[in-house]
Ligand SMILES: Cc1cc2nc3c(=O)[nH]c(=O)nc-3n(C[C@H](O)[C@H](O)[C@H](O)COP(=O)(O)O)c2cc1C
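Here's a solo chain for you in structure tokens, the form predicted alone.
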């Protein structure tokens, strides 16, 4: 049996660009491990209540058992076997969508009541299930600056440190609306597949991460493109196409 992948697909849209990124990463992983066992979950389609902080799972009667009986049990069952944890979520007001944060909060069940010191200093809880899946953050946003991910990245890094999930990569694409332009993101898609293959071999390299996040269009041009895309009429569509063609020619060295 191959490695087990727990994948959270956190976009509430269909079709979803962030899920396309997740698909490409998994494709790359399968290139190196065709026996990969992938379990994908869509929190917004599931019945998952918020953690109520009742501390029932910390009690003596049923330690490690949540008082809520809902669809999070499906995620937890896979987590207890997972070798990889892929968290794919678009940027919502600079952080996780609420449905994804809800899932993360429910991992409280993996924590034990006592407090111990973190290797880096500070305090953490011991883990109940002894799972340490390699974690990867996958996200996209509609603004062109990569700095818009700063809060999300810091949030996920802290979660990984406290949950003892080795952070093995961050696949981040800003200016995601440019993906509608044909061929403009082709190299990024190749890099995401490569990232999946690298993940199976250890962790995603810095050069691949940079290739995925590298801008393909100047911020000012992108802002014009994104703004025009919400306007009606053939004129705005022609203007969007002209901006995309200019960016593509520049990228190919023909403009």
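Keep in mind that what you see is a predicted model, and the values were worked out from it rather than measured. Positions refer to the first chain, counted from 1.
The form predicted in complex with this ligand is left out here; the points below concern that form.
The closest heavy atom approach of residue 143 to this ligand in the predicted bound form falls within 4.5 Å. This ligand is not shown here, but in the predicted bound form it comes within 4.5 Å of a heavy atom of residue 16. Using a 4.5 angstroms limit between non-hydrogen atoms, residue 158 is distant from this ligand in the predicted bound form. Of the heavy atoms in residue 176, some are within 4.5 Å of this ligand in the predicted bound form. Of the candidates 92, 79, 129, 107, 92 is the one whose heavy atoms come within 4.5 Å of this ligand in the predicted bound form; the others do not. Screening 69-77, 119-127, 92-100, 162-170 for residues having heavy atoms within 4.5 Å of this ligand in the predicted bound form returns a single hit, 92-100.
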